[in-house]
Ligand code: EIS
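We begin with a single chain expressed as structure tokens, specifically the form predicted alone.
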């Protein structure tokens, strides 16, 4: 479980503001998460994740003081871009990034909640499908949805996935799941806060790719 626990997300302050630099530092390690699911089959989501992180970081680096929090970043882009916002820059990149992060959140939460295929408990199709259905499916057209279905059947067994998250070490399943529970506390709080920002600012776009 080292992959997740070594790069924890920061606990939010009382005002639930998400600081941009710590957020970007934490999410920068998550592309490795998709290698644990399958370096080839989940490559499109990984590539999308990396691309969106890069775009947000590029904007942040132009003025770290002004973009200290994600909300300040979105507010600044809204002011600068006018009618083109929110379909521009870091705002658009973060919109798609949060959806990939929500996929991870729902998938991991489903694992620790013990949801499984009763006929084969070592499969993760139930968990992965739940994450996809909640976070990504509505934004994907028919072709992309078919690609996901194909990837689903090539997903690793839960035991192999947990071992990969633990960087190859043999660990007990319950110990792994308990560490995932701890990781999810701050991770979920950050993701939920980002979703709240988009809701308050009416910044989400509902279109398919």
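Residue numbers count along the first chain shown, from 1. Predicted, not measured: the structure shown is a model, and the values here were computed from it.
This next part talks about the form predicted in complex with the named molecule, which is not shown.
In terms of contact with the named molecule in the model of the complex, the residue from 136, 126, 112, 106 that brings a heavy atom within 4.5 Å is 136. The partner is absent here; in the model of the complex, the one residue of 164, 45, 26, 171 having a heavy atom within 4.5 Å of the named molecule is 45. In the model of the complex, the named molecule stays beyond 4.5 Å of every heavy atom belonging to residue 141.
Within 4.5 Å of some heavy atom of the named molecule in the model of the complex lies at least one heavy atom of residue 96. Using a 4.5 angstroms threshold between heavy atoms, residue 92 counts as touching the named molecule in the model of the complex. Contact check for residue 64: no non-hydrogen atom falls within 4.5 Å of the named molecule in the model of the complex. Contact annotation for the candidate site: 51, 148 and 152 all lie close to the named molecule in the model of the complex (heavy atom within 4.5 Å).
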